[in-house]
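In the block that follows, a single chain appears as structure tokens, in the form predicted alone.
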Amino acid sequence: MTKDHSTLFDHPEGYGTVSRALHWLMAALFAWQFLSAILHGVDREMPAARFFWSWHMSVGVLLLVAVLLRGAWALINLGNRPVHTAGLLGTAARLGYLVLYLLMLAVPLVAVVRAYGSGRGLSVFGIEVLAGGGERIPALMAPANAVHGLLGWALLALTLGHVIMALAHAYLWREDTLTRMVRGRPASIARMD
């Protein structure tokens, strides 16, 4: 089975199984992260806030891994992915995706730098990933403290914009953009391959 005939790989008419699985896994993990940050900001002593926040770092590292996998998979599928529309809207979409990916990388990387700079190290789901040196390194912590939250909220705003545009494509403009990420390529195209 060639790459063009496999439903695992992307196709100009829709995303493959792997791209869609990574997309929706990341959507769920981002929902968790944004909810944990919002609850933490509202009342960090609230039981729900403490529960969600206790997993914030671990879920963030899991998201970083998913972003790296998704980026690598996108590069493998670069010539087969659905194309954006031409013109201003297509250019805005490409720029939006670029900024979205940069933020998806920057936000967790800054948190990892902050964890290292704290001297405590980094544990993910109870497994030590990065040993702490015991001493705080203010030169690492200060920039990370300054930008992690700000970049996180910018990522939330861009993510909401992404969702709004996907819904606008589907329900206002009656385009199949959302369908390509929900069901992949249309059944008629899959049968022709």
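It should be emphasised that the depicted structure is a prediction, and the values quoted were computed from it without experimental measurement. When you see a residue number, it is the position in the sequence shown, counting from 1.
Not pictured, yet referred to below: the form predicted in complex with a small molecule.
Novice: Is it true that 84, 162 and 168 each have at least one non-hydrogen atom within 4.5 Å of the small molecule in the predicted bound form?
Specialist: Per the other structure, none of 84, 162 and 168 touch the small molecule.
Novice: So which of 92, 112, 99, 74 gets a non-hydrogen atom within 4.5 Å of the small molecule in the predicted bound form?
Specialist: Selected residue: 112.
Novice: Just checking whether residue 149 would be counted as a contact of the small molecule in the predicted bound form - the rule being heavy atoms within 4.5 angstroms.
Specialist: Yes.
Novice: With a cut-off of 4.5 Å between heavy atoms, is residue 47 one of the residues that contacts the small molecule in the predicted bound form?
Specialist: Output for residue 47 is no: heavy atoms all beyond 4.5 Å of the small molecule.
Novice: Mark residue 56 yes when one of its heavy atoms lies within 4.5 Å of a heavy atom of the small molecule in the predicted bound form, and no otherwise.
Specialist: The answer is yes: residue 56 has a heavy atom within 4.5 Å of the small molecule.
Novice: Although the partner isn't part of this model, could you tell me whether residue 66 comes within 4.5 Å of the small molecule in the predicted bound form, counting any heavy atom of the residue?
Specialist: No.
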